[in-house]
Every structure is written in C-alpha cells, then in structure tokens.
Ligand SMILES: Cc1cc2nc3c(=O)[nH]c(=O)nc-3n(C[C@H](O)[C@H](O)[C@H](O)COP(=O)(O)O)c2cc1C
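Only one chain is shown below, in structure tokens, and it's the form predicted on its own.
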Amino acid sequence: MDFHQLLLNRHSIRRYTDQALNPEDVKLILEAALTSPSSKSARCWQFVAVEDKATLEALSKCKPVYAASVKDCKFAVVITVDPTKSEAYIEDAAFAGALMQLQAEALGIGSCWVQVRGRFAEDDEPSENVVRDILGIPYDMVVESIVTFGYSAETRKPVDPAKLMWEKVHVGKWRQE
C-alpha cells in the first residue's frame, strides 16, 4: 500500500479482537516512535509500553470518556515528555504518536489516540496523575497521551478524497469566507 492510501485507510479504532500482536510488529511500532523528529533533536519524549491486561484496565479509568478502548487493546504506549528539554514538547509527543499510528496501519494493526494531558478522571483527579500513579511516572514528566493498538474488530471505510475539506486550505494568504 502506498503512503497516500495508508493515510486514507487509517482511522481511530476503538474495538479490538483477541488476537495477540506479533512481537516484531510491536518492536516496529516502538521504533517508529524512536525515529520521530523532535525539535532541535531534543528527544524530550519517553514511552511506557504496556501489555499487561490488569494495567490496561486500570489505565482505561484515567478519564470517563474515550479511554474505554485502553482496556480492550492488546498493547498501549503511554507517551510522556520532559517540558524542560524542548519548548515544542507537545508537538514532539504528537509526532511520535502519529508515526506509531501510521506504522501500525502499515502492519494491518488498528490504533487510537487517547488524550491524557488536560483531561480529568471521574473524581476530577487530573488524568495525568492517574496514569503516573499506575505506571510510576515521575511528576516532572508530562503525560501526553496513550496510544492503543490491536487488530480491528470494526470495519471502517477509507476516507473519500472527494469529501476532503479543501475550503480549509488557503493558498498564498488567508482568504475570508
């Protein structure tokens, strides 16, 4: 599959089968994160790979909405960043997550981004603190997100290029609507 087709096929997948992931595929997904660009080559990111079902279940409770897919995935990566190493730490974390998701899609593995930074658990505890406590992440690291992975238990149609929102593209300068 060429890169453009990969982009059209990739969707957020929140339901996964019980099929285990190949360890070599997991390694390739992690390599994608480690090869992601970072501002000034600061590499301010660090990753926690999680496969333990009980830990995934606990992580799924870091926020009341949209984290349920964590408990059903086969593998998740928690993306953390050190904000003192780069002013672009959020962008660096996002880029690493996106590359992992694209690598997963190329391998036929579904994925979903679960935002953590700035979100809250049901008891109003910051989601970052919930994840930190479960995984022992130091408080000087920002917990950006959790990316879930597994074989898709749902069917999604590719994006239709004819439905792309070209009105969101401004050429040369901003044009008023």
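The first residue of the sequence shown is number 1, and the count goes up from there. Being a predicted model, the structure only gives us computed values, none of them experimental.
Beyond what is shown, the protein has a form predicted together with this ligand; the following relates to that form.
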Y66, V114 and R156: each with a heavy atom within 4.5 Å of this ligand in the model of the complex? yes
Based on heavy atom distances of at most 4.5 Å to this ligand in the model of the complex, which listed stretch, 46-54, 114-122, 29-37, 129-137, is the contact stretch? 114-122
Determine whether any heavy atom of S12 comes within 4.5 Å of a heavy atom of this ligand in the model of the complex, and answer yes or no. yes
